[in-house]
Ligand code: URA
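So this first bit is one chain, no partners, the form predicted alone, shown in structure tokens.
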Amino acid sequence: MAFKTTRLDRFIHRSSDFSIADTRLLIAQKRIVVDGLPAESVQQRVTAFTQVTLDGSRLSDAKAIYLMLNKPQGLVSATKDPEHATVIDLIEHPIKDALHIVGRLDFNTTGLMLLTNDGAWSRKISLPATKLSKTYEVTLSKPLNESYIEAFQSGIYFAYEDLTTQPAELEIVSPFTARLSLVEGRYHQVKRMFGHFQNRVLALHRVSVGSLTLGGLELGHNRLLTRRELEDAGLD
């Protein structure tokens, strides 16, 4: 289902006392913000679920949706895919086609995913400055030892990007399993960090994002976040 879009200047005219012609000046003055970012153009397209504010007051009134999903293996972290089932296929919600994914998981990675129609909220979660910790349960092909803990805390060098990862906390649970908490989300980061030790990741499961945890949510199921969860996470 595709949601109807409209030009920003027409939306402003319908939702405020300003005329269509006034919108260009409002944009130049950076008084209009769209999904947390300054408006770009009078021709910018918005939907009923876009968050538009004028002088700090929200004009759009569609209900924001915040949803948690326990992703199983074998699903693409996308809203559409021509070849594979996606995480959206698991969701039954009247406006599920307006949702977008906040922090993707690989095809065979399982665990906590967040979806929303609130662009400003998802950007807040994704900003590096937020330093929101993500925790994973990891199963490895080779046994772990204490040297991993120090290396992860110091940071692992990625030659391709010429950078060192930010400090990460590693807890060895058993010889072949660990819990890893990190604040970054680089491409295949967890697998590449263990790859530094030539240790292959056999299974990867995300259990939390910040203070948000799966709790008893079963694999393949989803639910709406509560207001308390949003407040406790500092993301309301």
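Only a predicted model underlies this, so the values are computations on that prediction, with no experimental measurement involved. Residue numbers run from 1 along the displayed sequence.
Not pictured, yet referred to below: the form predicted together with the named molecule.
None of 166-174, 207-215, 185-193, 23-31 except one has non-hydrogen atoms within 4.5 angstroms of the named molecule in the predicted bound form; the exception is 185-193. Taking the partner from the other structure, the named molecule in the predicted bound form has no heavy atom within 4.5 Å of any heavy atom of residue 137. In the predicted bound form, the named molecule sits within 4.5 Å of a heavy atom belonging to residue 109. Among heavy atoms of residue 87, none comes within 4.5 Å of the named molecule in the predicted bound form. Taking the partner from elsewhere, residue 105 is found to have a heavy atom lying within 4.5 Å of the named molecule in the predicted bound form.
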